[in-house]
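Take a look at this single chain, the form predicted on its own, given in structure tokens.
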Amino acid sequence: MTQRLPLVIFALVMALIPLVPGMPPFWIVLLDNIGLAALVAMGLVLLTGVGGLTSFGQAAFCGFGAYTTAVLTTAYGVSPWLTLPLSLLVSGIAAVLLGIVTVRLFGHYLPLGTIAWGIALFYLFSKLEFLGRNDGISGIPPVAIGSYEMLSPGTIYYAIWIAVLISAVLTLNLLDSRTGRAIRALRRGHIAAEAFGVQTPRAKLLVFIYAAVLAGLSGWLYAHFQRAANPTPFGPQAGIEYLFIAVVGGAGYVWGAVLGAGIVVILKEVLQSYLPYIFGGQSQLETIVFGILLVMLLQLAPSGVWPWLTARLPLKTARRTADTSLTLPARERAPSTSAVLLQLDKARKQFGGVTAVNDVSFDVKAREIVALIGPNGAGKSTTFNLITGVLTATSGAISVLGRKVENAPPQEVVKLGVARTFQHVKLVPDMTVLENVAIGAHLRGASGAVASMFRLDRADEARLLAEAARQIERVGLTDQIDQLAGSLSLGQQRIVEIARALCVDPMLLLLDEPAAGLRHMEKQRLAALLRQLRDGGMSVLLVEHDMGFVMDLADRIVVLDFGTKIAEGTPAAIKKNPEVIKAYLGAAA
């Protein structure tokens, strides 16, 4: 209840504002516009700030929502309330059609793509006869409850802000879920997310549609607020402004959308009202001053005003507790015989004329720790990427439990019980340790986005967080469970990655330089943990440069040099192998 108290207070304050004696109608209109902008910016918070997809075209989705209700209510006499789901549906369908193409774009092509279709749709709205071309559609009936018509800004005010509050709650619920963690993981690239079963195209499309539906809701409210719809509010300039609002408020924060909308809308209105008096109305300087002030604001608070403000308030984040008595179903354990879990048969990977992995063959058996060693550039991490589906093999065969995986995507490989860490740590720095580790259990949950928004996933979520807390305790980081992952040392971040991989409940654990950045005692604890995992039925394949760590831990060692396997055997045999000594260990070994 204490977590919801600020929301309740905010709702009460917003409800009482129109009732204040002498409240100027102009301020109510301004608050209406802030609420409409906040809805669009809230979608951009999820799309851009959380999901990492920059869009300049959200205003077009407002147009879909506005024009849908405008046409149906004026031409066909449909009730405004009946047009609401249809407006959201049309916006969602448009997002599906545009998103299938857009979310596959990367880098600067993504925002350029959104600008392109944003401009195209703006001109489409202005050219279609049944949409009134440039003049638009007027005479849109007001929203009504019985005989009560929301004709004035003060009456539709409550409809707008109820929509804002409901959307904020649903968005916060979505982010605090299995689906939300998958979306948030997209900001750090798709490789780590896919390694734990996240279907990244589906997750990107989901957030794209959700943002479009919120924009469509804003457009529906706008049409019945203004009682008219024309192309101007749905053009490229409005799309850029909505993105400004999200960035100014704090691109990764839901309430930042509301704050950013308030700042930008009020600032624009003040400048448009007073600058003409100051400069005699001879030039339109408000756009220039507006841009300068926004740049100054972002210099003061580069991450947005909301995080800047909350960092300076005496607020305490509630500690997340997980009931570790809750459990998830375990995967079937590897048999105690010498069954082969992983088999590489002449695996080869070429990048143009460069051969990174040259016909490498080896296997990993059940209850075995195998080390993959070699000098820098030997092809060790590339071999990991071939095994886990990040890269496809040029030739050869790779199988897990007898199933071919050389051309399988990472999401299919992890389903077989293969989990991994990365040479370069791939955590989400602004998520807590608990949330990062819980991403590893993504495939072990079942609740979807809709269930998450309405808090129907709490039992499933409790089990996922309990599993994450259990693995964090297992690796010895319980004291850091609520810290942001980005605040930890590199060594601790590597341990967090191991905990995340353990949440898969894997049969085969691939560790890429797990001891890098660890102190001596931390390495000893890690070695003890890996032996414990092996004795419990798990196999481990690790890449490591610390030869003392490897020689004391591994059951077998495979040595690569320039992508070619030059030796394989027990640690004692590898120490004495002349080729290994020459290529990697050196005479001192």
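These numbers were taken from a predicted model, which means no experiment stands behind them. Note that residue numbering begins at 1 and tracks the sequence as displayed.
Separately, the form predicted in complex with a small molecule exists; it is not shown, and the next lines address it.
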| query | finding |
| --- | --- |
| Per-stretch contact check against the small molecule in the predicted complex, the hit in 123-131, 437-445, 288-296, 374-382 (non-hydrogen atom, 4.5 angstroms) | 374-382 |
| Answer option from F351, Y274, W81, Y148, heavy atom within 4.5 Å of the small molecule in the predicted complex | F351 |
| Answer option from A356, L518, V90, V413, heavy atom within 4.5 Å of the small molecule in the predicted complex | A356 |
| Distance check, Q483 to the small molecule in the predicted complex, heavy atom within 4.5 Å | no |
| T74, heavy atom within 4.5 angstroms of the small molecule in the predicted complex | no |
| 4.5 Å heavy atom contact, Q423 and the small molecule in the predicted complex | yes |
